[in-house]
Each structure stands twice: as C-alpha cells, then as structure tokens.
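Here we start with a single chain on its own, the form predicted on its own, put down as structure tokens.
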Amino acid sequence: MKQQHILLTDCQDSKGLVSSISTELYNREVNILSNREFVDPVTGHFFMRTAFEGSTDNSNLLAVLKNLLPENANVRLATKRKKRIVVLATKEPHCLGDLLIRTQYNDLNATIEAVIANRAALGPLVEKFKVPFHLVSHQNKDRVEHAMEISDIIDSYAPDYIVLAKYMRILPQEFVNKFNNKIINIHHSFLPAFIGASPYKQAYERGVKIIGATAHFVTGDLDMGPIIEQDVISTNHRMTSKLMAKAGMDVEKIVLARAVSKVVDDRVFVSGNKTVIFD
C-alpha cells in the first residue's frame, strides 16, 4: 500500500489557492484522495485539508508551497499513522477506560503510550491493558514542581498529544506553553457555561434543562481553550447534582473520544481561540 499523507494549509485567502496546491501535487504524480477547503467569511482566512498517497520529497514540497502561497502561510505535512498519546488522570475511570478500550480495539487512530495519575486508584485498570502506569503524587509539591515531574515522564514517551481524562489538577502556564495545542481536556460542562469546579452543582442550582460536556485544547485561561467537540443530554427537576453527574459520564467519554479521534486524524485547525474541523 502506498504511503498516505495529510497536507494541512492555512493562510489569507487569495485567488487560485486550491489550483496552485492541487497542480503542485499533480506535477509530483501523487494521487489526491480527498480535498476539503473553507474560507472564514469574517476574517478571509483560508483552510484546506488534502489527503494524498504516493512518495515525494516532503521537505521540498513544503518549501515550494510556502513560495507559492501568501506570506505567513502555515503548511504542515502529516504522515497517516497512529498517533502516540499520553493520558493524564486522577481517579475517575469512565473516560480513561473508554479510551483504553477504543485504542485496544483500533477504534482510535492512536496508541496510549502511558497513563500518568496523581492518585493510585486507576493503576489496576491501566495494568489490565498492559499500559505503563506512573503514579506522580501531588502531595507536598507545589503546582509547578508537580507538573514538571510529569513533564519529564511525558518527554520520555515523545507523544504527539496529551489527553486529560478527568485529570483534576490545574496545569501551570509553563507546562501549557511547552505543549501548546497538544493538550486535550474534557470538561464536564457545555462551555462557556459553568467554568471551573463543580459544574454539575452549578447546573443544578441554576435549574438547567440540558447538561453537556466540552472537549477543548488547554490554554493558560481555565476552560477557555479552542473547543473541539461538544454534546448535551436532557435533564429535569427530579435530578439532583449527583444524578446529573452520573448521567453526564456517558456524554463526557463520548465527547472526549470524538475530539481525540478528530485530532489524531489531522482534521483540526486551531485558529485563534476557535477551531476549524473537517469531517
């Protein structure tokens, strides 16, 4: 089977961009499998995802395209492969367990290289999947010291992405900067509503009729990063905050899995504090 690649391009829109990119690929005798493009009607910014198969000089292709496209164009070439992820967790098993099952049975284009947790509760679950488990306690450590200890372990696995599967610690800015646009978090609320701790309690007190979950990239602003995926379920006046939290577990794990799937399949562009996603 020929090697497949994903070409991701974004720049200021101008006439003939699709033609210029497609012609360059045609001249290299590679086969375009799919092509999707979008122009933001407000900013006039162009986005394009092109899947193709065949061999070419990747470095030369990127250099040529940079010269063909408008100034400051972003051009990235990804080889279609399973992405390496490291999962951070605390003690809730539903999101982590779902990811472990999905990767085990090839339902995600990814491998879980390791799980790092600040509590020991999830160790037995992870060991059943023969995935390395690292316990890094936060006790008697400040936030930066604890995060840097985790960072050293992450570096040893060289992952493509870090997934926070109900990891209940706020990451310091230094950590977030190091892994910019590489950290995916699941928040148990339909953001931007109910930011921060105890969102189901906040939802219950507000008397909402739907609850949801949001998967987003992590930035230095708590729960304010670019949104990748969201979904909701209905609730009613009979549900306490505990019942809401229990009902929300299913939507949390589904939303996280969908988000991870889109990211590892190279379908997501980050544009400011938004995302452009090609399905």
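Please read these numbers as outputs of a predicted model, since none were measured by experiment. Residue numbers here begin at 1 and follow the sequence given.
The same protein also has a form predicted together with another copy of the chain, omitted here; what follows describes it.
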Only one of 150-158, 135-143, 172-180, 92-100 has heavy atoms within 4.5 Å of another copy of the chain in the predicted bound form; I'd like to know which.
92-100
Can all three of D223, I227 and I277 be found with a heavy atom no more than 4.5 Å from another copy of the chain in the predicted bound form?
yes
Answer with yes or no whether Q4 is in contact with another copy of the chain in the predicted bound form, where contact means some heavy atom within 4.5 Å.
no
Consider T23 of the chain shown here, and say whether it contacts another copy of the chain in the predicted bound form, taking contact as heavy atoms within 4.5 Å.
yes
Do S55 and another copy of the chain come within 4.5 Å of each other in the predicted bound form, heavy atoms counted?
no
Give a yes/no on whether V64 approaches another copy of the chain to within 4.5 Å in the predicted bound form, heavy atoms considered.
no
At a 4.5 angstroms cut-off on non-hydrogen atoms, which residues of 238-268 are near another copy of the chain in the predicted bound form? List them in order.
R238, T240, K246, M249, D250, K253, I254, R258
